[in-house]
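Starting off, we have a lone chain in the form predicted alone, written out as structure tokens.
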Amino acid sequence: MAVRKTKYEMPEQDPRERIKNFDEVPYGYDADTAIKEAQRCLQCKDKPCVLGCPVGIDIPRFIAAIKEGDFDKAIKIIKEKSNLPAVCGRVCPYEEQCEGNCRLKKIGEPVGIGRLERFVADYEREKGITIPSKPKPIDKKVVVIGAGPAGLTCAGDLVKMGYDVTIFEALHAPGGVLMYGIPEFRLPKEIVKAEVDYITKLGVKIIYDVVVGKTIPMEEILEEYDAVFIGTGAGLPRFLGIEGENLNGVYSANEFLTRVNLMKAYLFTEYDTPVKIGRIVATFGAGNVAMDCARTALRLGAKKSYIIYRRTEKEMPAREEEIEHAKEEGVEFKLLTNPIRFIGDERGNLKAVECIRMKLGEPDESGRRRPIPIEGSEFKIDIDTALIAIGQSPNPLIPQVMKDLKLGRKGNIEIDEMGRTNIPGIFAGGDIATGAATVILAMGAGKKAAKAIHEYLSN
């Protein structure tokens, strides 16, 4: 029988309706569609898709289980490697990873691996998550700093080995970027809470409102715990460095999305929201975070929402799905455009941005063609809110209180391939080591570090 060349479509909200709410955009597969999509898998012997997965899920095995209609077996296979399947099935850039290696790409679209992972994770959550039996306890204590994807993964893996694991989290809610950095319409908070609940039921303890180095001295932690994993993420926003960035109405993407998520602005679409948004919003940048900002602005009542980017659509780092969703919802793209100064009124409020048109030159170190200003092409765009989404730097708090930690030139903690720092017993991973990256890469780093911590404590 010939293999279907395209993925089975996943139903989603109509764009005209979804910009009025924060409900999740895709609805997900039903059981029949999931089985049909699983039947497209070629079950390659050398499993190229697994090579593209940072946490090493046995993808053909779990897809084979779905094909047989054994969804319980499928989620069990996924959880051999991943503690956050419902999250990964929603926000993982699988097009570049597992699906990017799928052999079906030679004739059409790859198997919808992400969609299938999401399906079985949602199936299990609706049915009731099964907690595995606890292993024999190991008399060693590990502390994880930060309850983001790297920290949660590391803690989950270690507690399944038998270690006594505690996470210290600075905020009052777990999840890190999963909870405060990704909008509700892409990753509902109830999904994150369910995934974290699974990890705590495994035995991980999470203590909130603790800023390590401030609330509790690092010296106390080093005395009490046998090993430390630092997963504090990339919480330091980057700015454009142009005139007028201190005007009222200019925000970092980090601040904007955190306010929307932690102040629950997504619950106030029919009322006054606790997050102020202007009528004309411009987001600077073209990654997934930029798309999140531009789409969130529309849901909060903006009449116009722009993406301003100095390259073309081809060079945008955002996922294709996110770009398409933004276009469908009415986000306007102003490409080959670079801001040179923000303009304010007499009260210090933002009223416009002056930009210059760009052209593309030779590729730079990122492999993308370098944008070059076109002399004399300056023009203005009226805006009253600017969201800066050009990336984030590693959180500086832990490096500030641990002077002996070796750092890279961008403030990241330097680690080896297994997450070891230059200090024995102290490990790190995720955005604190790499700078802002993807959720699944942070999870992969947490997984490697858990293995290295186990080897360290065993020896």
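Numbers for residues come from their place in the sequence shown, where the first is 1. Here the structure is a predicted model, which is why all the values come from computation and not from measurement.
Another form, the form predicted together with a small molecule, is not on view; read the next lines as being about it.
K.L.:
Among Val228, Ile182, Val353, Ile308, which has any heavy atom within 4.5 Å of the small molecule in the predicted complex?
P.N.:
Of the candidates Val228, Ile182, Val353, Ile308, Ile182 is the one lying within 4.5 Å of the small molecule in the predicted complex.
K.L.:
Would you mind picking the one in Glu124, Glu195, Glu169, Glu99 that has a heavy atom within 4.5 Å of the small molecule in the predicted complex?
P.N.:
Of Glu124, Glu195, Glu169, Glu99, the residue with a heavy atom within 4.5 Å of the small molecule in the predicted complex is Glu169.
K.L.:
Given a 4.5 Å cut-off on heavy atoms, tell me which of 298-306, 229-237, 69-77, 326-334 is the interface stretch with the small molecule in the predicted complex.
P.N.:
Contact criterion met by 229-237 only.
K.L.:
The small molecule in the predicted complex: within 4.5 Å of a heavy atom of each of Asn83, Gly89 and Thr130?
P.N.:
The answer is no: none of the three residues contacts the partner (heavy atom, 4.5 Å cut-off).
K.L.:
Can you tell me if Ala147 lies within 4.5 angstroms of the small molecule in the predicted complex, counting non-hydrogen atoms only?
P.N.:
Yes, Ala147 sits close enough to the small molecule in the predicted complex that at least one of its heavy atoms falls within 4.5 Å.
K.L.:
Quick one: does Thr33 come within 4.5 Å of the small molecule in the predicted complex, counting heavy atoms only?
P.N.:
Heavy-atom contact with the small molecule at 4.5 Å: absent for Thr33.
K.L.:
So in the predicted complex, does Ile398 come within 4.5 Å of the small molecule, heavy atom to heavy atom?
P.N.:
So Ile398 counts as contacting the small molecule.
K.L.:
Can any non-hydrogen atom of Asn288 be found within 4.5 angstroms of the small molecule in the predicted complex?
P.N.:
Judged by the heavy-atom cut-off of 4.5 Å, Asn288 is in contact with the small molecule in the predicted complex.
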